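Just one chain follows, in the form predicted alone, and it is written as structure tokens.
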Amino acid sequence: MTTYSEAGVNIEKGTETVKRIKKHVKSTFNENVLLDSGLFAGAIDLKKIKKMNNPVLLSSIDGVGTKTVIAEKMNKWDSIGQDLVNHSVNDILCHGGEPIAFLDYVASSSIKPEIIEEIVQGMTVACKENGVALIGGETAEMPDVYQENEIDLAGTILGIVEKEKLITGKNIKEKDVLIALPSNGLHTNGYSLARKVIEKTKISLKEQFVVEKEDLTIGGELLKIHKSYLKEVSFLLKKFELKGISHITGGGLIDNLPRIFPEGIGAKINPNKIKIPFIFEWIQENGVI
């Protein structure tokens, strides 16, 4: 007789995980959530769109990449869930959208209920901060796909926007002003490169640094939470006509800004106006980048 357990899948731990995370997930629910967690789908009442003239549904899917490797080495998982939600919220914001619902996917070689709970609890913190309901998710145990202690994380977000307020970048023109909103670190991108630099320097993630009178560790810097720009962008949308918004992620300024520019348009950036976070300079110097 062959069992799930022999195949490397622990059903009991999966059940325990569901029990652990259910209370956290439900803490993000609002009056628009129609189905309980643990069913086959999530349901959101769209009565809000009845007040809109021409509603558009926005969606985006993303992950946190190899930042999970840093979390594993630091044994700190609460921030990773927040990273995932905030990253997704920022993607929706690029088109002027209001985020309304989020779904997650967590995969690992073997389920560790306490770690999954910590990750999902982090998601719920960010969901509540951004006014988003966590309406569904999937926890997958795949021993032949992932190595021991490996965890992968992805999420899908839904948002809404009035069609006439959909931001596309098509009407950006010469002499428009470019506004930069500061990051607090690497967010959720570039971690394969960052980890390669750390590997070459043989530095410990827990090594202390003193920067601007602040005690830091490289690991702590790398795990700084991906900032949500919901408040800043919402404020700007009320005050100005924003023609295009670019979320600076994996491809950096070089790849992400051109995604919103019409043909023939570029950007002139004044680097002297930008304060570079410490971690960027450290990676550049130690990696000879």
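Note that residue numbering begins at 1 and tracks the sequence as displayed. The shown structure was predicted, so the numbers you read here are calculated from the model rather than taken from an experiment.
Below, we turn to the form predicted together with a further copy of the same chain, even though it does not appear here.
- Site annotation in the predicted bound form: the residue of 142, 172, 180, 203 reaching within 4.5 Å of a further copy of the same chain with a heavy atom is 142.
- In short, of 149 to 157, 172 to 180, 75 to 83, 116 to 124 it is 149 to 157 that has heavy atoms within 4.5 Å of a further copy of the same chain in the predicted bound form.
- Mapping the unseen interface onto this chain, residue 132 falls outside it, with no heavy atom inside 4.5 Å of a further copy of the same chain in the predicted bound form.
- Although the partner is absent here, residue 184 is not a contact residue: none of its heavy atoms lies within 4.5 angstroms of a further copy of the same chain in the predicted bound form.
- Put simply, residue 45 is close to a further copy of the same chain in the predicted bound form: some heavy atom of it is within 4.5 Å.
- Although the partner is absent here, residue 254 lies well away from a further copy of the same chain in the predicted bound form, with no heavy atom inside 4.5 Å.
- Shown here without a further copy of the same chain, the chain has 58, 59, 60, 61, 62, 63, 65, 66, 68, 69 in 58 to 83 lying with a heavy atom within 4.5 Å of that partner in the predicted bound form.
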